[in-house]
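Shown below, as structure tokens, is a lone chain in the form predicted alone; questions about how it binds or moves come after it.
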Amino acid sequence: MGRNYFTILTVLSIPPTDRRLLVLLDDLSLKSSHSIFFNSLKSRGFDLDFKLADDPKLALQRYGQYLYDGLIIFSPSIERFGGVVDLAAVLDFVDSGHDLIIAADSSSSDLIKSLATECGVDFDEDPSALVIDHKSYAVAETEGDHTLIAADDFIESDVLLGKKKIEAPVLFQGIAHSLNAANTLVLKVLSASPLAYSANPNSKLSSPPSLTGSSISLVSVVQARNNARIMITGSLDMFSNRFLRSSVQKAGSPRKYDKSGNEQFVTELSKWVFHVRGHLKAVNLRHNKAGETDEPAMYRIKDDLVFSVEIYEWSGKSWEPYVANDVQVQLYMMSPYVLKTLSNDKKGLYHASFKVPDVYGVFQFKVEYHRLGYTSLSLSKQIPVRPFRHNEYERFITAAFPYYGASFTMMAGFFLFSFVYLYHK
């Protein structure tokens, strides 16, 4: 009797509710100056624990268990975290599947920049540089240095930013960063305009800026292979009450918005970061022979089988059926022998029917699902496939009829030859 081996990797099924977040601050006054953003998190069921970044009792875990589900770093100038927290501890926190938000500004320390680099983005090395845009700046009563930018180049993704379009530009004032080309997991969510550049606004340019145009990312996100999510931005002010409540008018545009798009932007993006949206789970992976209901211990070559799995998406309150037309299953041994797109019933059940290939060995049913903004699904289930037994072959094989005919012809010829040889005079 064979054994079934079932493995599900990086499939999150725990509802992301009542989660605890650690908020690290440079100054506790940020609790009031950024209260709108913090209150939006609390209203979604998150428990926020505010601490100074240099608190000597700071810790992310105790007795091998993590104390928090997510980390928000609003302490750009911190040179060294307090307690037992350091760069390696934060990276281990993310490697364990937890989420992270990093907000930097012009005062950012090497520690914050190093942390961002480890996550796949590189901040401008010039400590005095800010993002400057002489075309897409926010109109103000007094002519400034055009470092207050009205950005509206958003990524096109309902999963990341919600289905409701962000109409008003987002106010941004801070430092630029670029994506590490070697990191394929990082995405630009909010990009600078083609005419933006990163430089010191208080001095004349002596050489071309190192970061220019749409290569400048204002806000980026990362979804790691373990489904941990990270948000990185070069503007701490972007989360402030002042920016969230401010009116905005983009230079060259006749329209003035009573309220910037910041609140909608940071609220919707934080929903994604903390798995309120784009969070999938897969359950009840099953397979059986066509016409049967029980899972067999093994299959025989050329058997007809039925494969099914249920996939659900977290809606913020409950698990809802996930509907897509690009989920595939592989029957895999060293390489895919069968690749089939799964049909769905609009209720979360995905299924497909196919024939076992005419090859025996140890196969795996594999579902590898990677879609922008959604948690990755990686499922596998191992099953052996045997050849026909000696008594399972057909009694007469159609393809062998010529050989049958040759055998009987030879016997008839031998009989005729013997008869002639013995009785012919």
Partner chain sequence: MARSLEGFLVLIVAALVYSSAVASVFQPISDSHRSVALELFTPLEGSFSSLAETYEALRTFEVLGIDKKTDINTAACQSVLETLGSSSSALKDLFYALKVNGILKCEIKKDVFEGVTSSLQATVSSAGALLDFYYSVGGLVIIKDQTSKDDLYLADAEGVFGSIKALSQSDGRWRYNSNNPESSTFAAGLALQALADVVSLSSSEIDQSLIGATKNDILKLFDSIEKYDDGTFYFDEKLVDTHEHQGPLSTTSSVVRGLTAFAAVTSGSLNLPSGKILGLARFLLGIGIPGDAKDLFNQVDSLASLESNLVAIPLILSLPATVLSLTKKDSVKVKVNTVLGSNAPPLTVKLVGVFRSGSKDTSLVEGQELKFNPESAVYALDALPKSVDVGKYTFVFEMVLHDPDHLNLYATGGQTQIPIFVTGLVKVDSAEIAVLDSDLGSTETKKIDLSGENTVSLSANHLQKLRLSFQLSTSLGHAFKPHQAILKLTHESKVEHSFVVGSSGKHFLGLVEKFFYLSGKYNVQLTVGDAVMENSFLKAIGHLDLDLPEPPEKAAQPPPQLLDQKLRYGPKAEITHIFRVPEKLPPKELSHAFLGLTLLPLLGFLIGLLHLGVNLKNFPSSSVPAMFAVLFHLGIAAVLLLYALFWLKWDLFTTLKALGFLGAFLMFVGHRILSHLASISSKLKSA
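Numbering follows the first chain given and starts at 1. Rigid core here is just the name for the largest C-alpha set that superposes within 1.5 Å across the two forms. Since this is a predicted model, take the numbers as computed values, not measurements.
What comes next is about the form predicted together with the partner chain, which is not displayed.
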Taking the partner chain as it sits in the model of the complex, is residue 35 near enough to touch it, meaning that at least one heavy atom pair lies within 4.5 angstroms?
yes
With the cut-off set at 4.5 Å between non-hydrogen atoms, does residue 387 touch the partner chain in the model of the complex?
no
Taking 4.5 angstroms as the cut-off for heavy atoms, does residue 397 touch the partner chain in the model of the complex?
yes
Answer for residue 358 alone: is it within 4.5 Å of the partner chain in the model of the complex, judged on heavy atom distances?
yes
Please tell me whether the candidate spot formed by 134, 212 and 339 is one where all three residues come within 4.5 Å of the partner chain in the model of the complex (heavy atoms).
yes
Let me know the one among 106, 253, 328, 308 whose heavy atoms come within 4.5 Å of the partner chain in the model of the complex, would you?
328
In the model of the complex, the residue from 226, 241, 288, 267 that sits within 4.5 Å of the partner chain by heavy atoms
241
So which of 227 to 235, 72 to 80, 173 to 181, 288 to 296 is the stretch with heavy atoms within 4.5 Å of the partner chain in the model of the complex?
173 to 181
Partner contacts for 297 to 319, taking the partner chain in the model of the complex and a 4.5 Å heavy atom cut-off
302
So, superposing on the core, is the move of residue 84 at the CA at least 2 angstroms between this form and the one not shown?
no
On a core-based superposition, does residue 387 travel 2 Å or more at its Cα between this form and the one not shown?
yes
If you line up the core, does residue 302 shift 2 angstroms or more at its C-alpha between this form and the one not shown?
yes
